[in-house]
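Only one chain is shown below, in structure tokens, and it's the form predicted on its own.
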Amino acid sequence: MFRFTASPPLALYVHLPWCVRKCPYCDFNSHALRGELPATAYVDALLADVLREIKHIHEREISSVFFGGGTPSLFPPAALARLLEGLQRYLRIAADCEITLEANPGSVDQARFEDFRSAGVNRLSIGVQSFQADSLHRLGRIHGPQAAVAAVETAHAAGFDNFNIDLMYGLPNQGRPAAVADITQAIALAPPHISHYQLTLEPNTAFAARPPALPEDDAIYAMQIDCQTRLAGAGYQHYEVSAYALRDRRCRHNLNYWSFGDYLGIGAGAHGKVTDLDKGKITRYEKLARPMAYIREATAGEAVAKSHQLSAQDAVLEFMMNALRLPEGVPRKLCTARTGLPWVCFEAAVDDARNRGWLDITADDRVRPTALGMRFLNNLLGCFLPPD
């Protein structure tokens, strides 16, 4: 049984699963839209779903909301407004709640961004991925370089002072100059936040079935270092493996994940994590993945596909898998507060990682990956895996 002294922060994730076309690298629960978007029925299902979740959170406050997908910006702003109004009725939404909407350059214009802002969205995450036409083509994106630039300029014009650009590197046939050109273009557009991900070939994707030619590992690392240098020079703080932000523009929702906070998940295929102080347990769950089955079951009051309680070993590993993505690390006391476990459950693995030069405990008692540990993060996390 876990022993908690306080509930972790609580966020809300809302999955909107439809997109115009499935990208070959995408392993998310996303579905190419065929026919009319069932926006009304889906919002009804989401509101029914959140009503089902209320009993698990005991009126705790929601600190952030994230609309992910799929392509959430395909939804009519009026549908998002109705959903947010419903969430405000059913949940305790913080007055300063960060509310993020993922948007693709191929599905937005200024009026639509302005309507999303009026509906209550106060942060955007724009899926640019690259500003190079050949890279966008290889990635299966529906937009071109001009549309990518226009989407960011439109976010500025629509009054968003908090938004993210998603970029990828290590792309098929990509060289260092192209990767650096992408990050240089992104910086020139002055987004408050940039996410810079290495492309990986995930199972059950078109790229996994037919792998493209990717750069060698050393070339990818060189791209990463070049881009990090330019980001740092432009004032972007590297606060997570793939996340860079200007002052006070770190993504609160993602920081909640990385610090092992709780989150409700509603929508087709959404995942959630809830801590129960009274019963001393941590539960993870996921919702039905197929959108129409989800609509049917959620509307009827049932949408959970499966759930399980974390063991102590699960909790240690999952906490570290998230917290060690943060170059600044986390206070040692957070390890025990968020897992409900004594430090002795972490100690042997932490000592092993420290002996290998991958982990450090700082003078102010933070558990922090070293520069070597950040470079070889999977090796570092291996210290926390159960023995074979």
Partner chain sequence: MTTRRLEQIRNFSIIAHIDHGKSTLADRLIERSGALSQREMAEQVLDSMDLERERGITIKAQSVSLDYTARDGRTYQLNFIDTPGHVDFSYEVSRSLYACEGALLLVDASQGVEAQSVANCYTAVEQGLEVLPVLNKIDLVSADPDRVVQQIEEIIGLDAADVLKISAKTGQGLDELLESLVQHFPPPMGDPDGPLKALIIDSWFNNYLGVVCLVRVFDGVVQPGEKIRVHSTGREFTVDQVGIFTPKQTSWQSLTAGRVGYVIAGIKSLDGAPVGDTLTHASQKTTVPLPGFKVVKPRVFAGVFPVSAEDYEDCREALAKLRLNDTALRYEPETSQALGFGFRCGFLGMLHMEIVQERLEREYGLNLITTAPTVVHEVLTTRAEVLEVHNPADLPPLGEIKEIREPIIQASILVPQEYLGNVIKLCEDKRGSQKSLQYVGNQIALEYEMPMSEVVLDFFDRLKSASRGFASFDYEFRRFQVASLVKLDILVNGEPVDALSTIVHRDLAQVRGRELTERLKSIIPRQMFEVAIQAAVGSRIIARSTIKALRKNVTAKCYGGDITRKKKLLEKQKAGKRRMKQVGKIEIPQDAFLAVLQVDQANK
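Residue numbers count along the first chain shown, from 1. Note that the structure is a prediction, hence the values are computed from the model and not measured.
The form predicted together with its partner chain is left out here; the points below concern that form.
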- Task: Could you tell me which stretch in 147-155, 67-75, 238-246, 84-92 has residues with non-hydrogen atoms within 4.5 Å of its partner chain in the predicted complex?
- Result: 238-246
- Task: Identify which of Asp226, Glu318, Asp134, Asp115 has a heavy atom within 4.5 Å of its partner chain in the predicted complex; exactly one of them does.
- Result: Glu318
- in the predicted complex, which of the listed residues (Glu202, Glu302, Asp109, Asp96) lies with a heavy atom within 4.5 Å of its partner chain? Glu202
- Query: So in the predicted complex, does any heavy atom of Asp360 sit within 4.5 Å of its partner chain?
  - Reply: no
- Is Tyr169 close enough to touch its partner chain in the predicted complex, meaning at least one heavy atom pair within 4.5 Å? yes
- Message: Against its partner chain in the predicted complex, would Asn322 count as a contact residue? Criterion: heavy atoms within 4.5 Å.
- Response: yes
- Message: Would you classify Asp276 as touching its partner chain in the predicted complex, given a 4.5 Å non-hydrogen atom cut-off?
- Response: no
- Who in 338-377 is close to its partner chain in the predicted complex, meaning a heavy atom within 4.5 Å? Trp358, Leu372, Met374, Arg375, Phe376, Leu377
